[in-house]
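Next up is one chain by itself, shown in structure tokens, the form predicted alone.
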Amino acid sequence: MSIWFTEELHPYYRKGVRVKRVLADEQTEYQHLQMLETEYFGNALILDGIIQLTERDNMGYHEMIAHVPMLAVENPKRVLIVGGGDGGSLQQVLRYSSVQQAVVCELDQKVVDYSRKYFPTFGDPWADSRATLLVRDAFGYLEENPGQFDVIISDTTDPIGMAERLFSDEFYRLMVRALAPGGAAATQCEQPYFDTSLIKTIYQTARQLTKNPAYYYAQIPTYPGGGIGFMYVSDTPWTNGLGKAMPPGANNYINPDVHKAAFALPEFFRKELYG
């Protein structure tokens, strides 16, 4: 008999993956955390009933949220990752030799612990001496560190519960304030088909705060609609990163053509977002 994990974010849409076994199932202090071994997609992290990443398709998410802002900034030295307790974004950031410190501000220690155990392909980036894990709320940390980071990556869950604040005007203001001159940020910014109104609101906020915000997206089959978007937030144009050499290590998703094409939006959505 087949066992399926089914995710339903909308009353008109659901998706599912076939489960081989349950690796972990725990109600942490902040959320319901599950680790599942699935067929085809490998191990999967589930938070509050929503797939966060799988072994097979996480590269589209982690490579795109990390490398787009990292490449846009010249020799980024200090990086902040909001959320990101699974370590996937941290792994990508630490590929850059210019990085002197990468701070991960993750609220739930359990996400880190289980991910270290069940996502070995991330290579345990926490063991790198440049990595600093802070188990705390990101809002206070951003307030305490104006102008400190060359790159900020907001690697968050969906805007449900406590995570709603990470999609607010207040969060974006604090994030931009924490950037060093010439710095760049990238945020998880939902799905064009299902979240158009939210994305438009965030883009308008980003326009008020920076000169060159832009939306881009990647294909991730296990996310709703088969993809996810990101908001690039910076005075520095994202095009500064085009043509730059990638850091050492293998890419599985991003390449120069994908980098450029990610900002080419479908016409229905381009009209909605940019008018």
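One-based numbering along the sequence shown. Computed from a prediction, not measured in an experiment: that's the story for all the values here.
Form predicted together with a small molecule: not shown, discussed below.
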Should T210 be classed as touching the small molecule in the predicted complex when contacts are defined as heavy atoms within 4.5 Å? no
Taking the small molecule as it sits in the predicted complex, is W238 in contact with it (heavy atom to heavy atom, 4.5 Å or less)? no
Does the small molecule get within 4.5 angstroms of any non-hydrogen atom of L53 in the predicted complex? yes
Using 4.5 Å between non-hydrogen atoms, is G60 touching the small molecule in the predicted complex? no
M231, I228, M70, L36: which sits within 4.5 Å of the small molecule in the predicted complex by any heavy atom? I228
In the predicted complex, the residue from T196, T156, Q109, N145 with a non-hydrogen atom within 4.5 Å of the small molecule is T156
Would you mind picking out the stretch of 44-52, 243-251, 202-210, 25-33 that comes within 4.5 angstroms of the small molecule in the predicted complex, counting non-hydrogen atoms? 44-52
